[in-house]
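As structure tokens, one chain now follows by itself in the form predicted alone.
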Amino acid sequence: MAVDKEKLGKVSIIISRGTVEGIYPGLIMANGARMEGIEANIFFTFFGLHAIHKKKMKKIRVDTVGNPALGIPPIIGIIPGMSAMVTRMMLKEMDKLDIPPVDEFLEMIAAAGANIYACKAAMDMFHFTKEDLIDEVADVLTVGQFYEIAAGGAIIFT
């Protein structure tokens, strides 16, 4: 039996963690939304801002401490170089799947029509300026402004 499903028209994705596993799910979802013709807004807040910060975006790592899904005991995760090693391994696997680095991925997503925003409160808290951010960032918004843009769509936290 056929089921009528209402197509989702808009998603707004909030990225608040500045780690590989905190940033990529939101980017993948935003890219997938645009490929399906769905409006996509990405709102970067707290440490998620590192993904759109020119000087920090190339230093994003996997969190090896407090990440039980990795299967690494916390004591092993704190060994110097462990985060860098696990990050290299994960990025290598992602490269095999043609998942681009964060900077290239953001360029692709923006070129596909997604809107990229930074959180004003987090920007102020970290003393970041709009000039610190990549050119693809459309605006720095308050939470209220983000809710106005997100109205009528699904809000996804990654």
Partner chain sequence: MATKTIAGKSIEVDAEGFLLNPDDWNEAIAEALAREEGIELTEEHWKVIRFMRQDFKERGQIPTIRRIKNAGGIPVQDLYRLFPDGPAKKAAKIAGLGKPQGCV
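Please read these numbers as outputs of a predicted model, since none were measured by experiment. Numbering follows the first chain given and starts at 1.
One more form of this protein, predicted in complex with the partner chain, exists but is not displayed; see below.
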Location of the partner chain contact in the model of the complex, chosen stretch of 42 to 50, 63 to 71, 89 to 97, 129 to 137 [non-hydrogen atom, 4.5 Å]: 89 to 97
For residue 117, is any heavy atom within 4.5 Å of the partner chain in the model of the complex, or not? no
Examine residue 108 and determine whether its closest non-hydrogen atom to the partner chain in the model of the complex is within 4.5 angstroms. yes
Using heavy atoms and a 4.5 Å limit, would one call residue 36 a contact residue for the partner chain in the model of the complex? yes
With the partner left out here, check for me: in the model of the complex, does some heavy atom of residue 112 sit within 4.5 Å of the partner chain? yes
